[in-house]
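Single chain ahead, written as structure tokens, the form predicted alone.
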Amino acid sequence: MTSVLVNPVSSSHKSIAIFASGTGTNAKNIIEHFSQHPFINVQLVVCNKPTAGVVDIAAANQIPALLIDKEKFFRGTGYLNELKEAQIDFIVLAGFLWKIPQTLVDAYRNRIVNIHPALLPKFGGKGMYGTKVHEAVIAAGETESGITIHYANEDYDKGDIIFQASCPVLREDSAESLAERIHGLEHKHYAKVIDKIMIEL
């Protein structure tokens, strides 16, 4: 199959699509960060669950939401045409649980970022998301965990690492208490790192 390359990002206005599957706390934080940005904006929210909280967040911020079908996403075009029509320059994964299809990886090479709730390469890969990650970190007796912001490619959690931040794992931690500390790191750093990447594009 011939790859369809999206036009290179210009130095002026740039548009983001946020892909999310859940409540959308990271998406909300990113939307707020860029709401007053002079030349970067969140143009689209892409979601695979009609009842997900992120859909309501998109509506509250007057951002179009694209609800996607699994068959078309994986065996069709990957919604590349819809992203091109929305003039999307950059894709942000914020709790999006489906693997990105090759069509989108090729079209947005080094312009898809993901955040993982652990210090990769540890505790990554297929099936490692959300509470499962924190449970694995605690079970392994780790003394620290954190977040990894990385480029998304063909493999789960294997793209080049852009940024990491760490926090302690306390002896009394549960998966829930560790998750709360990790969420704090996500909200502190993710939008700022995206901003820096896009300015340098």
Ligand code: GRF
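Nothing here was measured: the structure is a model prediction, and the numbers come from that model. Residue numbers here begin at 1 and follow the sequence given.
Note that the form predicted together with the ligand isn't included here; everything after this is about it.
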*Please check if Gly95 has a heavy atom lying within 4.5 Å of any heavy atom of the ligand in the predicted complex.*
yes
*in the predicted complex, His183 touching the ligand (heavy atom, 4.5 Å)*: yes
_Contact test in the predicted complex: Ser145 vs the ligand, heavy atoms, 4.5 Å_ = no
*asked:* Is Thr25 near the ligand? Define near as a heavy atom within 4.5 Å, in the predicted complex.
replied: yes
*Ile115, Leu83, Ile112, Ile100: which sits within 4.5 Å of the ligand in the predicted complex by any heavy atom?*
Ile115
_Per-stretch contact check against the ligand in the predicted complex, the hit in 170-178, 40-48, 25-33, 136-144 (non-hydrogen atom, 4.5 angstroms)_ = 25-33
